[in-house]
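Okay, so here's just one chain, in structure tokens, the form predicted alone.
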């Protein structure tokens, strides 16, 4: 008998933190019944002879590592720090903001936070409860708390690391004291994370109470875990276009083969993915710079050819302001120098350009290692998973739109989307890892109604939701609200939704195709048109999901406010409170990009 936790919502309540639970699940994967019985007895014996900890059972640990993540980077940094501290004999509690009780802040002594920023300076969805608590009127004094924050962000955006800055202000306002100054880390955050972890380690030694019990970890080999630093090599089984040839948007369905013993995911999770850059673009880049593809370069501890580094390891399609500044130092062009000193103009400059645009417009002399040094490491791209592992255990499905645009006299193709929809072939392999999204989950009760709002490829997670329910034999009340350009060209997975409608799994479908009529209609307008029914569903306990672009979600939010006023009798203030109450209850969940 093989054991795997396919749905963590079914795991009983437990005293383990996130990292401990993950490691336990990895440790028992593949054990048969006899082996499980032996392991349980072994663990029981360890518990019987474990020295009693001085810390009371109901007292918070002296050190908590809290992470709030959107892409998985914050979790990775927090786990690395937890491993470092545990190896030194400390017993930190590692916990996601999603699973943290904000009122426990008053019990904390040392709090280490790793947090990313999304949207317009907002915290990740998982931290919404924490921020709401700190901004409310029920917050207790935090004068006994010392804290440190590692903020992750992208300086290409105005609200760089804003979530970390806001959290710092909120903690300071409640009297908390800084253990270390906040660190704001850009997209290439690994060197800063390593330095910060060393500083935290030293600071903990100074502030950890002497009476705090230490746990000396059992020396053992760590289980293999596939993450952003160790991606799983998934094989492409199928790729097919799911928009018509004359559609403005080119969208493909991809099926990747995985080993279900090594890769587990839930509906709502995303897949992090690495890709290969366009060989034609690399050839042009080498031609412009006059560099040899066989030139040897070093990336970290690895030596490789320049062509391999450019193909597999470096970021070529998302131009970053810091790269422009570094390139500017190699040229005598006064225009580029002036641009590099104006952050607003610089952000506008990089918004529709790739590296090839920069080097062709502003030529410079650079050697192979110099080029590698000024470029960023490739950042993985995230895609919502469009399948249920309970239904198809050894595959992951993705819905990928090809990013393509013309600017500055050149056709541009997205890095990952171009590779996935134009270059990769069946049986090719691609490096992937699962990014958990606990803030976008199916309701615990199968009887809870769902309203699923999505535009374009934002429909992907709902395919996973309904696959899961169908495979479990669940037939709750489900309502899909979908928008795109044209009904006949862009109705993604149309056959799936019609089959679910016929089977009764999908009770209601509302569609908004913006280019089929003279008056453009979007999902937010369709919601308002059906506001009476939507409000009725919400009053009956429905969960509302929104997946898609930031602008679409803002429109949906405004429609919800108007619906609450028109059909619920709320004024402006109480309508906003009503929507906020849905978020606090976990009944308004967003996956926005």
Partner chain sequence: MDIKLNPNELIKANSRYLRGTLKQSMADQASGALSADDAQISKFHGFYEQDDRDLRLTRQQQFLEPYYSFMLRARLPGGVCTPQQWLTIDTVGRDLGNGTIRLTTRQTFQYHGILKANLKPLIKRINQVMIDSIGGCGDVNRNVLCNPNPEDSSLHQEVHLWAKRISEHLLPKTRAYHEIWLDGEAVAGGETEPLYGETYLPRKFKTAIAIPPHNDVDVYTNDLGFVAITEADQLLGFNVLAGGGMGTTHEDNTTFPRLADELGFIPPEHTLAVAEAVVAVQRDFGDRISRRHARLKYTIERMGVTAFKAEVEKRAGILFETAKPVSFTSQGDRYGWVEDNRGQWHLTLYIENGRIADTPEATLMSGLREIAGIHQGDFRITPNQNLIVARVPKAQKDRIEQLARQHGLLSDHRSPTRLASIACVALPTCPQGNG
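Residue numbers count along the first chain shown, from 1. What you see is a predicted model; the values in this text were computed from it and never measured.
The following text describes the form predicted together with its partner chain, which does not appear among the structures shown.
Remark: of stretches 234-242, 196-204, 413-421, 282-290, the one touching its partner chain in the predicted bound form is 234-242 (heavy atom within 4.5 Å). At the 4.5 Å threshold, heavy atoms of residue 296 stay clear of its partner chain in the predicted bound form, well away from it. Taking the partner from elsewhere, residue 488 is found to have a heavy atom lying within 4.5 Å of its partner chain in the predicted bound form.
Interface membership of residue 441, defined by any non-hydrogen atom within 4.5 Å of its partner chain in the predicted bound form, is ruled out.
Interface membership of residue 518, defined by any non-hydrogen atom within 4.5 Å of its partner chain in the predicted bound form, is ruled out. A heavy atom within 4.5 Å of its partner chain in the predicted bound form is found for one listed residue only; from 477, 253, 353, 109, this is 253. In terms of contact with its partner chain in the predicted bound form, the residue from 427, 230, 169, 495 that brings a heavy atom within 4.5 Å is 495. In sequence order, 501, 509, 511, 526 are the residues of 501-530 having a heavy atom within 4.5 Å of its partner chain in the predicted bound form; the partner itself is omitted from this view.
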